[in-house]
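Heads up, the chain below is alone and in the form predicted alone; it's given as structure tokens.
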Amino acid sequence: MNTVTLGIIGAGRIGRLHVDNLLSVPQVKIKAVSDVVVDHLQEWAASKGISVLTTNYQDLLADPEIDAVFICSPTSTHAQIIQEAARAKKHIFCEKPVSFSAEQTIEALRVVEEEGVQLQVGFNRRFDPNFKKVRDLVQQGEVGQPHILKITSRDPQPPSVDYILTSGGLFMDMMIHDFDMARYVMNSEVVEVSAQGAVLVDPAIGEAGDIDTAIVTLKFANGAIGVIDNSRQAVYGYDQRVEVFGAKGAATADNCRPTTVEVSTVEGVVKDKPLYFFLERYTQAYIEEVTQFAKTILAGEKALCTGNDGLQAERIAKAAKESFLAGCPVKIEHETVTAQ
């Protein structure tokens, strides 16, 4: 196989983003896109060289020319489509989370394992060069035995209430990226979670049954401890920082900004605010993750962010919500699933 022919299931914001990024990967051809409504996509698809538009994603699974699919549809559909795609012998890239239920995720991973296809989960932050550098330094022993992990992840503005109602909540929708980053950077499972949350940004989020502000503390199997803070609204921009402190020092990834220029005058010291949102902040990471997915298929190698990684992040998110509701720490028993 010299090229990978792809189908995209779901043409919302993230699906169209993946299309744009995949067009820069020379080993990839995008043949088809499915969505529940496609009339408004005709001009867009033609401009991208996409020859097939359909309202039935199963058309993509039945096409023998398509080697792999990107699942960018709502989370509630992921587990079923993963199983159908695996049985159709298609490799799979699935946006996070795999599902809202560990049981559904485990069943989907079981089918992936049985059918022998590749599954990569869309935790794009693993492919950010700054965060990857922190992980590499930790794994190389540059900071010594890790003691403390700190992750800050704050959005510039909250999503709509309609989105909140179907998102799975802050822990499963937003902080799940940080749970995956915690496992990735520390190379250790989280064994206990304690969560605090509040509605401090928008009362409508609370009325929808969610929170918009949270702090979670983590205990790792390697003895380290961690803290993650999330907010749905940071008025100064998209706040994304990671620090690992250890016996020999610390490694820190700061916010990305439009420029590194800092102006110092008698009035004060001023620099650019952080990049505004995830589309700008993680542009390179999104390109790298789809490039690596294509390379994984062409080389017949294991995905760099596996189905098991998706499952473990879901388990931490579920434990965080349980801790928040119960007001006490929750321990996690990690059963590793070997499926891709």
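Keep in mind the model is a prediction, meaning the values are calculated, not measured. Residue numbers run from 1 along the displayed sequence.
The form predicted in complex with another copy of the chain exists for this protein as well; it is not shown, and the discussion that follows is about that form.
Student: Pick from 176 to 184, 104 to 112, 75 to 83, 126 to 134: which stretch has non-hydrogen atoms within 4.5 Å of another copy of the chain in the model of the complex?
Tutor: Heavy atoms within 4.5 Å of another copy of the chain in the model of the complex occur in 126 to 134.
Student: Counting only heavy atoms and a 4.5 Å cut-off, does another copy of the chain in the model of the complex sit next to every one of 63, 116 and 191?
Tutor: No: none of 63, 116 and 191 comes within 4.5 Å of another copy of the chain in the model of the complex.
Student: Using heavy atoms and a 4.5 Å limit, would one call residue 160 a contact residue for another copy of the chain in the model of the complex?
Tutor: Residue 160: no, not in contact with another copy of the chain in the model of the complex.
Student: Hey, in the model of the complex, is residue 87 touching another copy of the chain, heavy atoms inside 4.5 Å?
Tutor: Residue 87: no, not in contact with another copy of the chain in the model of the complex.
Student: Evaluate residue 29 for contact with another copy of the chain in the model of the complex, applying a 4.5 angstroms cut-off between non-hydrogen atoms, and reply yes or no.
Tutor: Contact check for residue 29: no, nothing within 4.5 Å of another copy of the chain in the model of the complex.
Student: Spell out, yes or no, whether the shortest heavy atom distance between residue 295 and another copy of the chain in the model of the complex is within 4.5 Å.
Tutor: Contact with another copy of the chain, no.
Student: Which residue, 204, 221, 165, 225, is the contact with another copy of the chain in the model of the complex, using a 4.5 Å heavy atom cutoff?
Tutor: Contact residue from the list: 225.
Student: So which residues in 138 to 164, when you check another copy of the chain in the model of the complex, have a heavy atom no farther than 4.5 Å from it?
Tutor: Read in sequence order, the residues that approach another copy of the chain (within 4.5 Å, in the model of the complex) are 142, 145, 147, 148, 150, 152, 154.
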